[in-house]
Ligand SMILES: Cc1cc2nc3c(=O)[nH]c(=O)nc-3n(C[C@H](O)[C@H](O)[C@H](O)COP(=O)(O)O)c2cc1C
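Here's a solo chain for you in structure tokens, the form predicted alone.
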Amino acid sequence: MLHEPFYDPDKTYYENWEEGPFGGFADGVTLPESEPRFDFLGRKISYPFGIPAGPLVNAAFMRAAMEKGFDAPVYKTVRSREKKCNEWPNVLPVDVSGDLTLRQAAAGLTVKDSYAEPLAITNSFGNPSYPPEVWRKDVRELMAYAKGRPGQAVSGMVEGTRWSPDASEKDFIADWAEVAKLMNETGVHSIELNLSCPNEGDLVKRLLCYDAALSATIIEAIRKKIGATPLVVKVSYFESDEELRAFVETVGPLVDGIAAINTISAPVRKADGTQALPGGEWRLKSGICGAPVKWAGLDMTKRLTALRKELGMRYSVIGVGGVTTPADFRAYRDAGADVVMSATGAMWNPYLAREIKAAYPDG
């Protein structure tokens, strides 16, 4: 059953930031906390379920998620400077039948008129960020609130940026380290690095997670700034086993967790064949989320778990993608996920954590 979403796609990102959250996240009901009993990134949390970076745009959304029993929420991606959001709309329902295979994604998808189950959407925000003086104050206030909730772990996602066409790789690495340092100073329990979007903006069309060497260099620079604060990397789907192995061999020893997946990218058009999202041609492709990408998240969870065992590593595996029901949560846990997260499913069902805990009280 789809509820009123706690992030309203009919409003702009800025309207959501200023006015939200909505739906069940605004009903005033706080679920009772349970005993912290699951290990996650050096903390004990009450239950291995959360919401990844995306719909929790500020402290008000994060607090609401925590009160609804999502014990591992992630604050939406921030940057070292202000960055404006992509033009509205940023979320649209898309027509997908069954699993969204990579072949189907390459061919492109069509938007539909309304949100319906099985839930499938596209999102295109461009990872906007308020200025650091705004988001740092917001996160500090969140962490003051979090002190009263010992069974929950708050993470903040960051992204480095090439701020000009002539920015060097050294500048890019330094920006990653700077924004991680700024986030670390807020007192978050862990920091997540967004390696799964076109991190270099319009200048270089690639995903940073597919460059293991540069990812490792960035992580090493960040470690010098944040010390022992737990560090998670968010990655996209790896089609190649060899590329995934190379990434894990290079990055695995440097991090405390690997989260997968983000989205599957696809061209999205209207029924008449024209581009669905307004803006330049660069915005034809956007990330697909929801039930049709569950296969990819599960596949990555299984492969990351197997590599962890084979290579004798210790990183946590955070399974993300297509979790809309308690059975989806169970499938990820059975696949080896230490913690499971849901963005799209939770967005349209603010009571999903309660339902999962009732179905699987032992996690």
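Residue numbers run from 1 along the displayed sequence. Note that the coordinates shown come from a computational prediction; the quantities given were computed from them, not determined experimentally.
Just so it is clear, the following notes concern the form predicted together with the named molecule, a form of the same protein that is not shown.
Out of 22 to 30, 308 to 316, 290 to 298, 36 to 44, where are the residues with a heavy atom within 4.5 Å of the named molecule in the predicted complex?
-> Checking each option against the 4.5 Å cut-off leaves 290 to 298.
Joint contact, 55, 77 and 263 to the named molecule in the predicted complex, by non-hydrogen atom at 4.5 Å = Yes, the whole candidate spot contacts the named molecule.
Non-hydrogen atom contact residue 322 with the named molecule in the predicted complex at 4.5 angstroms = Answer yes; at least one heavy atom of residue 322 falls within 4.5 Å of the named molecule in the predicted complex.
May I ask you to state whether residue 125 is within 4.5 Å of the named molecule in the predicted complex, using heavy atom distances?
-> Yes, contact at 4.5 Å.
Is there a heavy atom of residue 340 no more than 4.5 Å from a heavy atom of the named molecule in the predicted complex?
-> Taking the distances in the predicted complex, the answer for residue 340 is no, it never comes within 4.5 Å of the named molecule.
Residue 194 within 4.5 Å of the named molecule in the predicted complex, heavy atoms | Looking in the predicted complex, residue contacts with the named molecule include residue 194, since a heavy atom lies within 4.5 Å.
Interface residue in the predicted complex among 94, 157, 277, 142, criterion: non-hydrogen atom within 4.5 angstroms of the named molecule = Partner contact (heavy atom, 4.5 Å) among the options: 157.
Go through 208, 100, 121, 72 and name the one with a heavy atom inside 4.5 Å of the named molecule in the predicted complex.
-> Selected residue: 121.
Counting only non-hydrogen atoms and a 4.5 Å cut-off, give the residues of 226 to 256 close to the named molecule in the predicted complex.
-> Counting only heavy atoms within 4.5 Å of the named molecule in the predicted complex, the single contacting residue of 226 to 256 is 234.
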